[in-house]
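Next up: a single chain in structure tokens, the form predicted on its own.
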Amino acid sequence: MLETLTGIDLKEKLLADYSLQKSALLLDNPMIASFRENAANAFRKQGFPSKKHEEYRYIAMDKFLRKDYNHPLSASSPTIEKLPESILVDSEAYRLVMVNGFFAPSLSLVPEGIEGFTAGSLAEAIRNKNVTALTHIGTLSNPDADPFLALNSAMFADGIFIHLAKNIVVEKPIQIIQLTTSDEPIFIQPRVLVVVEDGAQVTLIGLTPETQEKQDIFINTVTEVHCGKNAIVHLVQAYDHKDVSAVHHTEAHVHTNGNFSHYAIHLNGRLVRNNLNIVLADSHCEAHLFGYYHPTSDQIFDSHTLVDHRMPHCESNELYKGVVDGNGTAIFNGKVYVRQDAQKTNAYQSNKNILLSEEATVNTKPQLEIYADDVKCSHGSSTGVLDPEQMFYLRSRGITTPKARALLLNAYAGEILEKLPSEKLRNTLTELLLEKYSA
């Protein structure tokens, strides 16, 4: 049971904020207003999930939902005048920065002069009646599917909108950086809409880095991705903020000959919940899902994935690996769903974990649900400890125990990191992990 604030719990507080917000945001757009109202009703009905909710059975969510969260309804002037170089994977790459869930143009580096490429504020795109934004917003995800998805759909005030017209290729990665600045605990709800039309290509690197403020932060993000025919999309989502509790819902629909790759890297955070739903909507699609997580000392990293094979001749490949230390908790719940029409499907799913302490916990549940009869599908999971023979080999050659452990764990993570689409990102994350392993 959530604590109350003058008789109002967090659910009712947010719904009250919604009532205030809906009259001020996008008032003249009945389609968006109807979408938001339906989502608010879905959240009002569902409320925040508890352990009785099957999809959240391993998380005491009320532990992370504070009564005194400040929920900003409008953008404030960023107090961050310049981005620290340490949070930039590539200083020469494009960047789209959000502060407290609102697009910050003064901190962003938006590409100019590329015809057919749009990037900027989602709220501004909707207010300006951008046809692509209005056509796709909310069409890829169902608010009834998850209470946090419903809450974001009802209450997002801004976020990022990216649109690539047909055959546009963006050579540089685009960094999507979420920053927070607040003197009090804060609950923010940005939304990201990415529309990549036929034949276009882009690499997106989502970062939630550490900030100077030491406040309790809850980030409820929704990302929708349309991957058109023959399009290629790489999407990285990385969390490295120890004061963050985050629920991130990503919905991607992939069309004929499209190729969508997703990389989830969770290095720090009180709670990081990753809901990833991939729909292979047409034939000859590919989806590649890679994840790495390292929870320690009361941290909970929870990965829920669904790959929905709807049509024939599609392929999906999923590999999630984790290292769990202290009394950290890792959760993996992955499902591959093969519909009756999805003949000639190839699907592979694997989850591997290493426990570094007796208090560490892993709950893993890879699943296949197959209704077609001409498929090649496999799934599996493993949980163990560092190989004592490998440790002995390194120790016998004069390498200290911490250094030997760091070398082995770095090699273990390397199977995921080597697949990242950016060399600079690989190098940055490798350094962060070596520091974490050696601590």
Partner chain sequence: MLSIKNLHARVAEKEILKGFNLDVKPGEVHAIMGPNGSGKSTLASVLAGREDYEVTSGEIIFEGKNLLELAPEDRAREGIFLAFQYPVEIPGVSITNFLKTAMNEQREYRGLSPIEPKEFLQMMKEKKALVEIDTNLTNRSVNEGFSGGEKKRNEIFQMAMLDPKLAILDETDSGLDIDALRIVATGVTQLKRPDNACIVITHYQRLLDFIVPDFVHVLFEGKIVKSGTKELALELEEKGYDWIRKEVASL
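Residue numbers count along the first chain shown, from 1. The structure displayed is predicted, hence computed values, not measured ones.
The same protein also exists as the form predicted in complex with its partner chain; that form is not shown, yet it is the one meant from here on.
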Only one of 389 to 397, 37 to 45, 63 to 71, 374 to 382 sits within 4.5 Å of its partner chain in the predicted bound form by heavy atom distance, namely 389 to 397
With the partner omitted here, the residue among Ile59, Leu407, Ile370, Ala33 that in the predicted bound form has a heavy atom within 4.5 Å of its partner chain is Leu407
Margin query: Thr401 versus its partner chain, in the predicted bound form: is there a non-hydrogen atom within 4.5 Å?
Written below: yes
